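The chain below stands alone and is given in structure tokens; this is the form predicted on its own.
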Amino acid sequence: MVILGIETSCDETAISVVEATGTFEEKISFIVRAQALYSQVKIHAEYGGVFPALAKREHAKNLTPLLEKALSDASITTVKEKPNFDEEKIKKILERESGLAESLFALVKKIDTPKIDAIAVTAGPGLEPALWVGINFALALGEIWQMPVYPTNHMAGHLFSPLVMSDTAFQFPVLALLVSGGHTELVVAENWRGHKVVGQTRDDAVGEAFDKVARLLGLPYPGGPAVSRLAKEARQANLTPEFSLPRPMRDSGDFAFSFSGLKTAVLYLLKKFDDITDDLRRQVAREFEDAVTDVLVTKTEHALRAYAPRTFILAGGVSANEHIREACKNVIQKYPDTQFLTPTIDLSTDNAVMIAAAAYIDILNGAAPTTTIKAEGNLAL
């Protein structure tokens, strides 16, 4: 099955073409035929974070060029005929996406129709103005090419992202630590057909906390990589923090997280200093990253003992953090019956490949296509 993936949940505009094969009884495999991505990070850096209206505009501007690139790179079979569609109907679908109908018409009229079996699009969670652009684009393509469209959960994409470009199959039960800008949650899956969130943050997500601490330290957006870079410099220079930060809820006995208080602790710590030097920034970054990692690893180990999974997955944008990734890998080494899976760095952050992969799992589970999709900013896994 060839699936076109579309991702516009935040500030990454992404299109993928993925060939999926296999069943739950046999090994599921994915071949990435193409992935095209445009990052808006530099545009939003001026605002110190993602500005939703701007993200929406950039998605509308970049989706068609990315689609053209992905289809060209994929080299998939085409139907030697141009689509016959109602332009007014497509304009109605895309009426809130400035310029998107015009650019899409220009593309589909000059290329052969690709032989794609399904279109998958992120329906949530994410920024609703951004989500709507991708959803409407997917619905328009579905109408133009007469292809089924499947709404897909962004966090399910992260959950299944390690399956892509991996020769290792999931062994159940699965325990997943999903860490991103908007989410921090522990998920348990007994089989392909169901999963449950056993613990999640009560306030700030890990990525959100990194960004807030970065702003306190006067670091540029995106904050997470900037904080991690300073923390790494501190370790390499053997710069040991002269203070300690709390490890919120580390020993609470459950799987819940809380990072808002940790950010506040950094705020009050910095108020004690008249001058925020570069060395102080490095010390704070190191201690903050150590505190976050300590909490994540302790909670994960608690869950490993409670659920005895055969597979542990670390995924989500924050899984690209070198220190957190290495700490989780070290913990799993204490559990020889549990395999450790994590996506490649390029599939850790938001991308359309994982959306296509998650849609394939949904399809195997009997999901039905639809022509009515709603953007759900707080969609649960």
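Sequential numbering from 1, following the sequence displayed. Since the structure is predicted, the reported quantities are computational estimates derived from the model, not experimental observations.
The same protein has a further form, the form predicted in complex with a small molecule, not shown here; the description that follows concerns it.
Heavy atoms within 4.5 Å of the small molecule in the predicted complex belong, among the stretches 27 to 35, 60 to 68, 311 to 319, 335 to 343, to residues of 311 to 319. Across the proposed site, Gly182, Gly224 and Ser348 without exception bring a heavy atom within 4.5 Å of the small molecule in the predicted complex.
Contact annotation for Ser258: none of its heavy atoms lies within 4.5 Å of the small molecule in the predicted complex. The small molecule in the predicted complex comes within 4.5 Å of no heavy atom belonging to Pro114. Although the partner is absent from this view, Gly199 stays clear of the small molecule in the predicted complex, with no non-hydrogen atom inside 4.5 angstroms. Proximity of Gly207 to the small molecule in the predicted complex falls within the 4.5 Å heavy atom cutoff. Taking a 4.5 Å heavy atom cutoff to the small molecule in the predicted complex, the contact residue among Ser228, Ser103, Asn153, Thr293 is Ser228.
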